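Next comes just one chain, in structure tokens: the form predicted on its own.
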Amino acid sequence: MTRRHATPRPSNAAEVEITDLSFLYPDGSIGLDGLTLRVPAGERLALLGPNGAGKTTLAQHLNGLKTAQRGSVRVDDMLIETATLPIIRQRVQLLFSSSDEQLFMPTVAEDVAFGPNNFDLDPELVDERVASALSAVGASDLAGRVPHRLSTGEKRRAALAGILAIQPDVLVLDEPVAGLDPAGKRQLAQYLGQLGQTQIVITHDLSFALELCPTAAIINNGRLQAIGPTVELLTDQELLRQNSLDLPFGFRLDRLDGTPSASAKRPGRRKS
């Protein structure tokens, strides 16, 4: 079998278009209910909402872990369907909310190499990708470490390096700062802010969303409730209340630049 010696392509970004997406769980509970959302290429979008709103269900549709029961998801012009899954799973990478679900090899370097090795790349190219991905998240010193002995923040960086080594066009990050201390959150926001890929960031941490993502979308009951500049959504206290969202204790709204989100789009907004 001939191995490919292609040089690593630069990080690209892709548009994600979700149209009338619906998903019903076997027990009859609603995962998604006709959700429509477009994320332009290169945008960092915070996906906000209460527990059970459908955020993780949506994330799992973006690389084919779940299949749409109605509606569609496209990455650029590529429809996510059975025939396209091998390509989609290279173009769209999902960071799970628990890093332990993604770290399973004897060392961090082997974990980061796992994805590229599945594409039958030349070993030297795999090594280059591993080194580059670890450096990008400030984790070069973790290469020889045993994953299960890492701190929460170190595990998060190692897991992120593992998906960056695949060189995807879209990053879907499910609760990336869960368990991190304030310094770890700032570091992660800095790393992510330097990346060029389209990013969809699921988080309950509204201050992290504000720091990283210029745009935010709120979903609840499987439907899109509002989309607009993050600062505008977070200064709309009624919108936050209706969707069970709270700014961190002591967070001062007067430090935000912007006005209440009269300009934010609110498709399907429901009255409480």
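None of the values given here were measured: they were computed from a predicted structure. We call the rigid core whatever largest set of C-alpha positions still superposes within 1.5 Å between the two forms. Numbering starts at 1 and runs along the sequence shown.
If you look for the form predicted in complex with a small molecule, you will not find it shown, but the lines that follow are about it.
Under a 4.5 angstroms non-hydrogen atom cutoff, the small molecule in the predicted complex has Asp27 among its neighbouring residues. The small molecule in the predicted complex comes within 4.5 Å of a heavy atom belonging to His204. Contact annotation for His61: none of its heavy atoms lies within 4.5 Å of the small molecule in the predicted complex.
Although the partner is absent here, Ala209 sits far enough away that none of its heavy atoms falls within 4.5 Å of the small molecule in the predicted complex. Of the candidate stretches 240 to 248, 209 to 217, 37 to 45, 53 to 61, only 53 to 61 contains residues with a heavy atom within 4.5 Å of the small molecule in the predicted complex. Shown without its partner, this chain lists Glu154, Glu110, Asp169, Glu175 as candidates; in the predicted complex, only Glu175 has a non-hydrogen atom within 4.5 angstroms of the small molecule. Core-superposed comparison between this form and the one not shown: CA of Thr84 displaced by less than 2 Å.
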